[in-house]
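First, one chain by itself: the form predicted on its own, in structure tokens.
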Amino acid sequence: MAEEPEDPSKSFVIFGRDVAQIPCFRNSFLYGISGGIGIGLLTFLGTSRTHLSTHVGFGSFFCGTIVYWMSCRYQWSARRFEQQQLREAMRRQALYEGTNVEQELDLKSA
């Protein structure tokens, strides 16, 4: 029987989307999980109440993941917008290079 070689690039798929391709997904969950575990453990050490510490740990996991996700996606969107603007400016520069329009733009910017 021939065994199929395992594909090392297998990834986790949720709702038909590869989560490895979603920007900020990995870091958001890693920070959320570590923050939830840390705050849950500190709550347990401080109060010795397991029910409360699990609720606090899960709540901090959820809030930490959402907050980091939103800030990361905002920064990612801002960088992507700037890259699109730069790409368009470079395309226009290549289009206008050596024409009268380029000279007029140089005079206006000076």
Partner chain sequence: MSTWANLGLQDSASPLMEQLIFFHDHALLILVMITVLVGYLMFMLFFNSYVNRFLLHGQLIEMIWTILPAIILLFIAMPSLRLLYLLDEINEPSITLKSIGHQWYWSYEYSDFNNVEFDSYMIPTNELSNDGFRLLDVDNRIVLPMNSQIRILVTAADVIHSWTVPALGVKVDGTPGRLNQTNFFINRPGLFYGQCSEICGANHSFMPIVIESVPVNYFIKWISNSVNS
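Since the structure is predicted, the reported quantities are computational estimates derived from the model, not experimental observations. Residue numbers count along the first chain shown, from 1. Basically, rigid core = biggest C-alpha set you can superpose within 1.5 Å across the two forms.
Only in words, not in the display: the form predicted in complex with the partner chain, which the text now covers.
Taking the partner from the other structure, the partner chain in the predicted complex has no heavy atom within 4.5 Å of any heavy atom of residue 79. None of the heavy atoms of residue 49 is located within 4.5 Å of the partner chain in the predicted complex. Of the heavy atoms in residue 17, some are within 4.5 Å of the partner chain in the predicted complex. Residue contact check for residue 31: none of its heavy atoms lie within 4.5 Å of the partner chain in the predicted complex. Contact annotation for 52 to 79: residues with any non-hydrogen atom within 4.5 angstroms of the partner chain in the predicted complex are 54, 55, 58, 61, 62, 65, 66, 69, 70, 73, 76, listed in sequence order. Relative to the superposed core, residue 17 undergoes a Cα shift of 2 Å or more between the shown form and the other one.
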